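Taking the form predicted on its own, here's one chain by itself in structure tokens.
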Amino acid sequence: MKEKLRQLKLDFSQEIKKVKSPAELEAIENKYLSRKSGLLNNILRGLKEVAKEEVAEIGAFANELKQSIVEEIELLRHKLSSGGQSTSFDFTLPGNLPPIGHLHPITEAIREIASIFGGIGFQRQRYPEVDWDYYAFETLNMPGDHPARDEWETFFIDSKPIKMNLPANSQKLVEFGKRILTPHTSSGQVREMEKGKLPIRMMNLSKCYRRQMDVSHTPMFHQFEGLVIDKDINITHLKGTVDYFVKKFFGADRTIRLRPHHFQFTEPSFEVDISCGLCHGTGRSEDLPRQSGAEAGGGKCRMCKEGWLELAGAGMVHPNVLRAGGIDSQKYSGFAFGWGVERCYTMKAGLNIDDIRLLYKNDLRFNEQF
């Protein structure tokens, strides 16, 4: 059989030299390699009659022969398709490397935020993304008719409320309400208090879900929640922590301001503004034409219009929330803040991301810029 294979190799080498067209090449390929009638397969059908000790050697030889035939056919096919012009190839040239990906910009932002707060003693915790109405609303001092508890604002999983024993006190039966996709990381506040370990300096960074979709909202987004509870905590500690983060994350030239606001779970409550990175807090842009009513030195800043951008919500933890977590509000006080990762990231100077939905469209033209 080995002699037959050698003869086939010789015959093929002579015939392929005479091939002048793709049609002739296809005929040669069928003649030698066709599964049903190919000469090579016809010879190999007699392999069962070969002595066992010779099978391995003949099989290896047949495989090498088939590989060489295939390579010669492909080489000639390429030559014929290129008009008979053979192409040279420099084997010393480096190959084309496959594209290498990188972390998503939001993942990078999450790691940076965690690192900043970790540097001042905040311990990162994680709580369920599928949570109970009890933790997301009830313990946060939100009445049953609060708009956030409406099905047009929150993603509800259950159709009926459920009663369970409170984890911190197995004897206390509590109506946990319906299961929901947590709309904010604040649902982790009372869960942290229930651990009974004081003081608290916690950061909860997680996904949140709301029924919103526009240039500044997506149904799924990320928030980071800060919670500090100890004796004699006051607003100066809150302002100092926020200012520290802003200067670390956005730059030393950025400043903040606290505006009085209302949140159910903090009192007093504030909205936090950050000075605009484009106009440096002036509200004017030197590269824009002067508009009606704009002060001298340029038109209104197209990003902020007035020098400030709304960043987040914050405030002193409401006494009712402390009591829901089993903490004596007469001895302890605290502050909390909840900020969107995506919103913070888009406010970084130089990014100019005017539609938050771009972050989740998986458009490589966008993602490869970061």
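Keep in mind the model is a prediction, meaning the values are calculated, not measured. A residue's number is simply how far along the shown sequence it sits, counting from 1.
If you look for the form predicted in complex with phenylalanine, you will not find it shown, but the lines that follow are about it.
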| property | result |
| --- | --- |
| Contact of residue 336 with phenylalanine in the model of the complex (heavy atom, 4.5 Å) | yes |
| In the model of the complex, residue 137 touching phenylalanine (heavy atom, 4.5 Å) | no |
| Residue 265: touches phenylalanine in the model of the complex, heavy atom cutoff 4.5 angstroms | yes |
| Close approach of residue 38 to phenylalanine in the model of the complex, 4.5 Å, heavy atom | no |
| Interface segment, criterion being heavy atoms within 4.5 Å of phenylalanine in the model of the complex, picked from 154-162, 184-192, 239-247, 99-107 | 184-192 |
| Among the candidates 210, 300, 201, 178, the residue which, in the model of the complex, approaches phenylalanine to within 4.5 Å (heavy atoms) | 210 |
| In the model of the complex: members of 204-231 within 4.5 Å of phenylalanine, any heavy atom | 210, 223, 225 |
